[in-house]
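What follows is one chain in structure tokens, specifically the form predicted alone.
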């Protein structure tokens, strides 16, 4: 225990933080790509496609992220396919993130006045062209603040990946606590690092929201 000084503990936590950041970026970027595709499906007006997308969203929003992690890590193994904690965590967080981003962006799209849809339709735009050239550029501005704000939830959600053995900041904290028996110090540093990751994003999201309201 004497070998673990304050700086040794901190340096090990900071090294593990790299994986928390990496997992957050993968989940947010890939989730955004999937979420954009789901947004088009959700707002397409095609009955079966809308229902399928809604069922997807309800499942990933209505079940705990922890259960989803277990399903991707242990459930896939039942099919004879072994997945690493990194792959399982990336997939689970990607699908979880995409479900929430789809609903956030759908609300932004539906906030665009119907006159914009009608005007673009009068120009003989099809649905894809309406979204690309008219609706999404306007919805994008509205979506920035809530999207940045949700990124905080993604970062905090990565902590659950430690349950399936992914060595992120939370898992490193648990391992260091077991080695040092100094829970207050270790978990205080873990909390401080999470705060340093999340607070700038929360502050920026609030600032963007204020600027958006001021612009209106």
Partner chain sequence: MPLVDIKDVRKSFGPVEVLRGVSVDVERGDVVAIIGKSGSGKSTLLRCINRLETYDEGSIVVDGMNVGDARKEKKLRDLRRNVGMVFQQFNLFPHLTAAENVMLAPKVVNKANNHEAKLLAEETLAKVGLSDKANNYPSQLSGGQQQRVAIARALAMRPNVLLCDEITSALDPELVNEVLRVVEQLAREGITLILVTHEMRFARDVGTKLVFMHLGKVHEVGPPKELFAAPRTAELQQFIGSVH
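Keep in mind it's a predicted model, so treat the numbers as computed, not measured. Positions refer to the first chain, counted from 1.
Not pictured, yet referred to below: the form predicted in complex with its partner chain.
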inquiry  = What I'd like checked is whether 167, 174 and 177 together line its partner chain in the model of the complex, meaning each has a non-hydrogen atom within 4.5 Å of it.
reply    = no
Within 4.5 Å of its partner chain in the model of the complex by heavy atoms, the stretch out of 92-100, 75-83, 113-121, 142-150 is 113-121
Proximity of residue 137 to its partner chain in the model of the complex, heavy atoms at 4.5 Å = yes
